[in-house]
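Only one chain is given next, in structure tokens, and it is the form predicted on its own.
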Amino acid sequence: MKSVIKVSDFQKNYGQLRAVKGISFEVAPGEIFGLLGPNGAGKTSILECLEGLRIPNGGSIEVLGLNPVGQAEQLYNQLGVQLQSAGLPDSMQVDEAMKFFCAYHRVAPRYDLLDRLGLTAKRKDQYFQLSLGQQRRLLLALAVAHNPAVLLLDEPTAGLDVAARVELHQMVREMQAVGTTIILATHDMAEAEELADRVAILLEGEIVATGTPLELTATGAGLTKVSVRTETACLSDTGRTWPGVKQHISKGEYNIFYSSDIAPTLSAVIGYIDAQQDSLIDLRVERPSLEDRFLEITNTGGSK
């Protein structure tokens, strides 16, 4: 199936700074593709060039088979954008913003989106009067009001409360269900792991790992976290050797084991608790998360 987004050897410089160093990736129709990386990794530069706000210094970018810079007019009605640094005039009312953006895209104002995102009571408020979270919600409503074929989201949940984050995630899933292709740039690893079909991890302008969240977590050190709390803390002897355990630490009332082979670890831990006539209060087993893998990659310089 033909890719909706195709990036080939893309480069972006700011003076002497090479912000993006020849990266390549493709995004399939209806896919949610996550861009992950620390500040300065190049995520926003990629989104701005996909939108046509900036011109690449090398390589090529295609969105729906079009050049975002040279064919912007053909793309404007098919692209929805919520950039982290984007804003509206301070004096513009919420109502006015919705009318203006929908008129630009030649659709009726989507007041239903304002209602869904908790902004109906703010329709006559000016942009500067909104909280950061309310501003982010408004920008999201404007980005999706015309039902774009491609949606670019840059840190979409920054500043949102829990309820608003849940609502945004539901909207993203609904848009994907009707075929929208979505690029999600985020620092929130849990968000990427929950929403993205595939992710690319960027470090200093280069892609250092790509794949599904499950593939990426499976290719790292792969240590499973086992947290155990017992009545008399019999496991607190951190000098003891446990099968499969690479690291054992005590944290508060819990003993935490990082294991490469979970079955013998659990068997040994539970057997020891029984032998010591201690009582198990809590046992938690957590597989490696995308955040664990992200930290592993970005702390070591990456592994392609």
Partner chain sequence: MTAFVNHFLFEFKTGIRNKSLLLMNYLFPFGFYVMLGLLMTGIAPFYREGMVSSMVTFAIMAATLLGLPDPLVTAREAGIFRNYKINGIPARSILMIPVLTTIFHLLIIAVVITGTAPLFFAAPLPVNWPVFFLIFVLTAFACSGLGVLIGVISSSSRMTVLWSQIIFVPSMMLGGLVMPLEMLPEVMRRIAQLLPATHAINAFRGLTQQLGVDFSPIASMLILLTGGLIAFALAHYLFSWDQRNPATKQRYLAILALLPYLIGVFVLS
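Residue numbers count along the first chain shown, from 1. Just so it is clear, the model here is predicted, and its values are computed rather than measured.
Not on display, but discussed next: the form predicted in complex with the partner chain.
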Quick one: is Gly42 in contact with the partner chain in the model of the complex, heavy atoms, 4.5 Å cut-off?
no
Residue contact check: Ala103 to the partner chain in the model of the complex, 4.5 Å heavy atom:
yes
Would you please decide whether Pro89 lies within 4.5 angstroms of the partner chain in the model of the complex, comparing each non-hydrogen atom pair?
yes
Using a 4.5 angstroms cut-off on non-hydrogen atoms, would Asp197 count as touching the partner chain in the model of the complex?
no
So the partner chain isn't shown here. In the model of the complex, which residue out of Val81, Leu114, Ala185, Leu223 has a non-hydrogen atom within 4.5 Å of it?
Val81
Picking from Lys99, Arg123, Arg229, Arg165, the single residue whose non-hydrogen atoms come within 4.5 angstroms of the partner chain in the model of the complex is Lys99
Sort through 209-217, 169-177, 185-193, 103-111 and report the only stretch with a non-hydrogen atom within 4.5 Å of the partner chain in the model of the complex.
103-111
Within 4.5 Å of the partner chain in the model of the complex, counting any non-hydrogen atom, which residues from 24-61 show up?
Glu48, Glu51, Gly52, Leu53, Arg54
